[in-house]
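Only one chain is shown below, in structure tokens, and it's the form predicted on its own.
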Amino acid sequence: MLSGWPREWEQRYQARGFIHVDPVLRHLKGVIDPFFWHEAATGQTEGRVVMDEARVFGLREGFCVPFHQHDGSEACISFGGARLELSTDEQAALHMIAIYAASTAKAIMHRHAQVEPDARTRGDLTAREVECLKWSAAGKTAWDISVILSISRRTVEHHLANACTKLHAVGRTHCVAEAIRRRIIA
């Protein structure tokens, strides 16, 4: 667990085994999109205890970005504080930052374990897959890209799906972040 939480909160969280009852962690198992902590709040007494104690340390609200790995494991990056009011654009930016941070953290952990995360830095992407990723990174939809490249929307979606598979990404946003991290696109 990588953490930037207040040290006292982190110690209490670990000492009391909150990882097993944290409503945010329970909620992320059933969703793929980012969510606010209050959306994870349930009627569970144990879960309420975690959230109530977090408030004591100034963690009243948060924004969580879930990650579901190919091996079935789950992780998340959570941003929290006393107040957290985010516009849609700010949520999207945090989503992208979280994906990039998680990907970089994973690469660092692999390096420390002296394991090559993926020897293929380009992921063996075709020129067309890279081109579709660049347009996707620029905010273009599959339909927009199909018009720009004079190919069908379905072909664009096929290229993007192939890129996701090759870069071990679980979605288009993750794929774009991974391509940026690997310097495939700028």
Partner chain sequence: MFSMVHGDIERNYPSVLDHIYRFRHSYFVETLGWEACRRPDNRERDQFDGPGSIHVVGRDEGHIVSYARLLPTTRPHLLSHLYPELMQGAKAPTGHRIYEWTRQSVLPRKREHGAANAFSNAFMGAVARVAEALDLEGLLVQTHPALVGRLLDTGWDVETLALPTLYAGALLVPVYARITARTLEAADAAFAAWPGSRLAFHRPP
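Predicted, not measured: the structure shown is a model, and the values here were computed from it. Numbering follows the first chain given and starts at 1.
Separately, the form predicted together with the partner chain exists; it is not shown, and the next lines address it.
Of the listed positions (V147, V56, A138, I32), a single one reaches within 4.5 angstroms of the partner chain by any non-hydrogen atom in the predicted complex, namely I32. Taken together, the three residues H70, M96 and S103 all lie with some non-hydrogen atom within 4.5 angstroms of the partner chain in the predicted complex. In plain terms, the part of the chain that comes close to the partner chain in the predicted complex, with a heavy atom within 4.5 Å, is 32-40 out of 45-53, 127-135, 154-162, 32-40. The partner chain is not drawn, but in the predicted complex it has no heavy atom within 4.5 Å of L84. Using a 4.5 Å cutoff between non-hydrogen atoms, D89 counts as a contact of the partner chain in the predicted complex.
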